[in-house]
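Single chain ahead, by itself, as structure tokens, in the form predicted alone.
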Amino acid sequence: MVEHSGQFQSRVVAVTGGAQGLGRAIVAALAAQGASLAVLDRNGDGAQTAAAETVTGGATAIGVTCDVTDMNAVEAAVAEVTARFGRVDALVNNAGILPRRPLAEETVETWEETLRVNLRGPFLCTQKFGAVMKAQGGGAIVNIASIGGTVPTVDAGAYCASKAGVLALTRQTALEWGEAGIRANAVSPGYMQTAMTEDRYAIPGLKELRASVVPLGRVAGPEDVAGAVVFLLSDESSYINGHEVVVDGGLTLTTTRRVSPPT
């Protein structure tokens, strides 16, 4: 059984895409801090399993089937969470997809689906869960963006465009809702190995190659990013609003290294 620190005791946090990968790590990290969790995922069985594992660990959690692109589904999820817990104190917009295709070969269907999941989803969840937070007098939102929202990545044009939108949504929410006591911030991972990227890391030598260009010398795991999310939801970040925390091991600092003279 997890020994809770109590930092999030009596706080209710909704995490989208919480059934696996980074979302699951965020759920576990928050549970360890004493939070009550609503695990949202379009994979309903996965959401229920993640919630059951969290409860087994000693925390309080429910699994909620939710397609974040569907407004009715999001509204139903909000109703289910508030019916169970009576409130919502924080939201983590983590659900996302990462299709890979060169821009010249991108299809309208894939482009639009990526924007629906990665940008429409956070907008709908922010709006609907945020309404509950406003009524309560405050809350915190963390959006999972990506360094791809600032630095383009080959074969991921739709993903990068969607994450740039997530960063803009974060700043807009912070600006408009700060006076309601709601903080909004973003976490942008760099190279990270999760279920969503497992196919890439199955390519021989890729993980080692990527690790070699990261100043910290390794590719991140979900737990490396989850800690930043916990911080941004905590009281320790109570005056941080509208910011992006880059969790990339220093990767985005390495541009000049590639053109530096040999030593």
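In this text, all values refer to a predicted model and were calculated from it rather than measured experimentally. Numbering starts at 1 and follows the sequence shown.
Separately, the form predicted in complex with a small molecule exists; it is not shown, and the next lines address it.
Interface residue among Ala164, Val132, Leu115, Ile97, judged by heavy atoms within 4.5 Å of the small molecule in the predicted bound form: Ile97.
Contact with the small molecule in the predicted bound form, defined as a heavy atom within 4.5 Å, holds for exactly one of Thr49, Thr60, Thr194, Ser237, namely Thr194. Considering the small molecule in the predicted bound form, the lone stretch of 171-179, 156-164, 133-141, 76-84 in range is 156-164 [heavy atom distance within 4.5 Å]. Contact annotation for Gly21: at least one heavy atom lies within 4.5 Å of the small molecule in the predicted bound form. Interface membership of Ala145, defined by any non-hydrogen atom within 4.5 Å of the small molecule in the predicted bound form, is confirmed.
Contact check for Cys66: a non-hydrogen atom falls within 4.5 Å of the small molecule in the predicted bound form.
Contact annotation for Arg218: none of its heavy atoms lies within 4.5 Å of the small molecule in the predicted bound form.
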